[in-house]
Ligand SMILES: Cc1cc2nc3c(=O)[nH]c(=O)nc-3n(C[C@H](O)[C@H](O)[C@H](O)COP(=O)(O)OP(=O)(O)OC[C@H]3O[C@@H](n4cnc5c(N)ncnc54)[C@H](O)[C@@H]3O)c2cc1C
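Take a look at this single chain in structure tokens; it is the form predicted on its own.
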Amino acid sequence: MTDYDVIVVGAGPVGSTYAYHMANKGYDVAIFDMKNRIGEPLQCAGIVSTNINLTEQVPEEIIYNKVKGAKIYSPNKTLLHVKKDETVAYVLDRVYYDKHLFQRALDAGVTPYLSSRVLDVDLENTKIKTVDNTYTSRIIAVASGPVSSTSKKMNPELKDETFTAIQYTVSTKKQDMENVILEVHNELLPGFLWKIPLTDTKQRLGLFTDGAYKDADNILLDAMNDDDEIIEKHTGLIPKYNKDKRIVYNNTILIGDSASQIKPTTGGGLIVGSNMARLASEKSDLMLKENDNKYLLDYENEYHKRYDHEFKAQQNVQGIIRELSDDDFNYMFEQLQEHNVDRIISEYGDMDTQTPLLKQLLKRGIMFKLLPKIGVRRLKNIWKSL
């Protein structure tokens, strides 16, 4: 006899979503989190494409702002302006969005254990150990973030790699509310800097990088206007996608950041995580009904079928970006601007799926205009990944 049908470790958006789906299917679910305040501190840029509506309905009151495009600047301030007539992304109050998803899980019948650190996940016996007790279940789903001891236990031969992310909430002067600003800085590669408008006079200013924290922090400070004021400051880690990571072992699965289910070029994981929470719940339901964990392996296999092709292409692009200089970027942006690539990006670009855009750039010969900076070998790698 087990304590629960399902135990979820981590009450972030992905863990709460999976717990909700499992409780909705009639299972006895418990969710554990080391924090006592869900969603705090903020650990995300909080911008998500409207594709989220295909998986989850976002309450209107949680949306700070709706944006239609992005202004992308090279180091010498050459501009590519990408935009559409309709809303392409929501800027969320991520703290309250996380609380909303957690409360939805509780309303579905999930039992919460807050301020309860899980010290160990026993992969062989499907049980967890906390400071005060041991709990058993038929399935354990780990959604505890990018630095997961369970992930390390499943993948002893792999090193969990992460980017450093820093973000300020800034009081600023009146700003453009319809566009996100993205800036390329050589010191941040393959990451970038963002300015996300929350209100007329408030924005999220942030970046992610492989580089040193101090250097990155200085870049953020330099990006502020003289009259800007920091309201809050947050730091965190973004996991790097790794196709070789094992995410199922016996009756324990990894989802979300713990499974490195992250878009390589942007570090975004909310939609991927939501999709995988739903898929994992469907396979978990079959496993519990038929008592056969081959269905959990189906979750792992279907995840790879759905995302490996796209993420590999993004990794190839990221590998090119990593080696470019400021002069390279300036040249490339000038070529892209000259050939009106912002219009192509506006038509074919998507925050979540970037291979259709890459195919168009190859089809129209735009990639060959960048050949002096990309190089033949790198262009071949992109071609192969498409």
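From 1 onward, residues are counted along the sequence shown. Here the structure is a predicted model, which is why all the values come from computation and not from measurement.
There is another form of this protein, the form predicted together with the named molecule, and it is not shown here; the text below is about that form.
S.K.: May I ask you to check whether A143 falls inside a 4.5 Å heavy atom distance of the named molecule in the predicted bound form?
M.R.: Residue-level check for A143: yes, a contact with the named molecule.
S.K.: V48 versus the named molecule, in the predicted bound form: is there a non-hydrogen atom within 4.5 Å?
M.R.: Output for V48 is yes: heavy atoms within 4.5 Å of the named molecule.
S.K.: Is R246 a contact residue for the named molecule in the predicted bound form, using a 4.5 Å heavy atom cut-off?
M.R.: The answer is no: R246 has no heavy atom within 4.5 Å of the named molecule.
S.K.: Check W194 for me: does it contact the named molecule in the predicted bound form (non-hydrogen atoms, 4.5 angstroms)?
M.R.: Flag for W194 set to yes.
S.K.: Heavy atoms, 4.5 Å, the named molecule in the predicted bound form: which of 103 to 111, 255 to 263, 152 to 160, 289 to 297 makes the cut? Say which one.
M.R.: Selected range: 255 to 263.
S.K.: Give me the residue from I139, A216, I238, V180 that has a heavy atom within 4.5 Å of the named molecule in the predicted bound form.
M.R.: Exactly one listed residue reaches within 4.5 Å, namely I238.
S.K.: In the predicted bound form, which of the listed residues (K233, R117, K84, R306) lies with a heavy atom within 4.5 Å of the named molecule?
M.R.: When the named molecule is considered in the predicted bound form, the option within 4.5 Å is R117.
S.K.: Taking the named molecule in the predicted bound form, which residues of 31 to 57 have any heavy atom within 4.5 Å of it?
M.R.: Result: F32, D33, M34, K35, Q43, C44, A45, G46, I47, V48.
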